[in-house]
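Read the single chain below, which is given as structure tokens and is the form predicted alone.
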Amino acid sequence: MSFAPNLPLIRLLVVKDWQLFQKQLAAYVLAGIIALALLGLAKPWAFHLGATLLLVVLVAAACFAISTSLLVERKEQTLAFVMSLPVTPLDFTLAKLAGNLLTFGVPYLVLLGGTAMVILGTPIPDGFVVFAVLVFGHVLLAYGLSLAVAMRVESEGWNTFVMIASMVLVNPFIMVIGQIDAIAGPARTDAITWSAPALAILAAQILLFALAIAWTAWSLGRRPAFY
């Protein structure tokens, strides 16, 4: 059995996912822009409302990307049709991972960049950039873990539980890093300070996210057959 991926077929499957969901994802980006506009007002009520709305948009976009691309397709038996094509488990795995990373990654990066621009371009302390990046890092990690589970586990109940549980933990995460003086202190100043705790947390988030995606690609892609 050849383990060389069929890149043209993978590209077609990724483009298919993007074309199916790009309008919905554009709506999430629009909602995120509204949240950023509220943040940009730099008033206490607008900041809290905008931050809450931004988190809701990020979580919703992550859950939407996974649910529509995997869970809904399983329920509608679309995946069974895709598996009937001349596609190997490796091709299918890489296509689904790439498609999910694209459909979530585009709005994620747009909102991450927008958040940084709003912080740096308004009276919000520039040091808050580090705090915001760590929160985005948590969302990315939660998305990666949820995607890895959704690729491996067919139970809709367990997938929903993992998605909700991992995303809901963002509030405790914010509370925890808010108690770390090396992170919370500089966030109130105009100096962007990457302290050792902040760098350690960000490195752990990126590493765990990469491991989740890599493990999923390796474990599913090496199978000789889908079942």
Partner chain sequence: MSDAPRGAPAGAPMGPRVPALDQLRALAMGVGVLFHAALAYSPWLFPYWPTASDANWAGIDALVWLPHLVRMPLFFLVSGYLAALLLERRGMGGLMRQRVRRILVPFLVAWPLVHLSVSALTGWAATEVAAPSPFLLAVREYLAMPDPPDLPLSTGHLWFLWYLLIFTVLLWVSRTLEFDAALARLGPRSLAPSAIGLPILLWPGFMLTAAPHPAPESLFPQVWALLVYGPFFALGVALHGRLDALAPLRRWLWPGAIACLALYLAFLRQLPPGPVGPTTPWAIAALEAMVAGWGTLVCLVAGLRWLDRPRPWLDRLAGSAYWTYLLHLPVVFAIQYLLLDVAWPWPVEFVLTVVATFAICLATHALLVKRTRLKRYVG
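These numbers were taken from a predicted model, which means no experiment stands behind them. By rigid core we mean the largest C-alpha set that fits within 1.5 Å across both forms. Residue numbers count along the first chain shown, from 1.
The next section is about a form of this same protein that is not shown, the form predicted together with the partner chain.
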Counting only non-hydrogen atoms, the one stretch of 22-30, 195-203, 169-177, 59-67 within 4.5 angstroms of the partner chain in the predicted complex is 22-30
Contact residue in the predicted complex, chosen from A184, A37, L55, I164 - any heavy atom within 4.5 Å of the partner chain: A37
So which of V118, L134, L111, L140 reaches within 4.5 angstroms of the partner chain in the predicted complex, heavy atom to heavy atom? V118
So, L49 and the partner chain: in the predicted complex, are they within 4.5 Å at any heavy atom pair? no
Is I192 among the residues whose Cα moves by 2 Å or more between the shown form and the other one after superposition of the rigid core? no
Residue shift check between the shown form and the other one, rigid core fit, C63 Cα at least 2 Å: no
